[in-house]
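Next up: a single chain in structure tokens, the form predicted alone.
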């Protein structure tokens, strides 16, 4: 059946909305399983600040995990969560209400590839797993520098590698499945980002020593199986033409909810990874 162009566009909108909701779920599960990482990061940020910030901006806020963590760490601060996705910002508002922070966390829609949002002067700007997503990081860094007050701080956070959940031998197929998945995704450009120090210095920032925090958890948090399932489900389409058929078959068995060997039913999952933060001060 030929689909009417308007119907096709409507279906595309719904598909895009569903993908964003799936990503929102993944981000929330990441937050649920790596909460201590944010606690350590925000405590470290507090040590670098000359005084508690009054105005905080979270760029690429997603579902607001960073925004809310910063609001809790700095109770006198007003936090602006910036994202281009209406879906994500709806999650930010709901999460802020759920934590009683709706009067201190503001959601602002903006695409930083188009224009810098009207957010006012900031004491602290947080950009977690975001800066590598923009078309021109140098231009965004220049905007951040202009937005920060003197001695204000920019914190850029990136995953050092994709999270790991599986043992090397999972009892299915050839050992090393997760390593092969990660290599294939690296070849596809997933999680590709530079050492941000040279770009930060070029933008006129004074860069402090970076901070790396482990996301390893043993025993694994209770949400790890759901996080692993959501993560592998997100990876699966990108791996379609990049893995051997045998590996794809194993992935599908891991993602099948009713299979005894499925991720949601496994008891051998872990959570391993790390994040690095670059703190950069405006002179």
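Being a predicted model, the structure only gives us computed values, none of them experimental. Positions refer to the first chain, counted from 1.
Although not depicted, the form predicted together with a small molecule is the subject of the following passage.
Partner contact region in the predicted complex: 105-113, out of 193-201, 165-173, 105-113, 72-80, criterion any non-hydrogen atom within 4.5 Å of the small molecule.
27 is the sole member of 223, 27, 248, 233 with a non-hydrogen atom within 4.5 Å of the small molecule in the predicted complex. Contact annotation: of the candidates 153, 177, 88, 144, the single residue with a non-hydrogen atom within 4.5 angstroms of the small molecule in the predicted complex is 88. With a 4.5 Å cutoff on heavy atoms, residue 205 does not count as touching the small molecule in the predicted complex; it lies far away. The shortest heavy atom separation between residue 53 and the small molecule in the predicted complex exceeds 4.5 Å.
Residue contact with the small molecule in the predicted complex: residue 84 places a heavy atom within 4.5 Å of it. Though the partner is left out of this view, residue 57 does not reach within 4.5 Å of the small molecule in the predicted complex, counting heavy atoms only.
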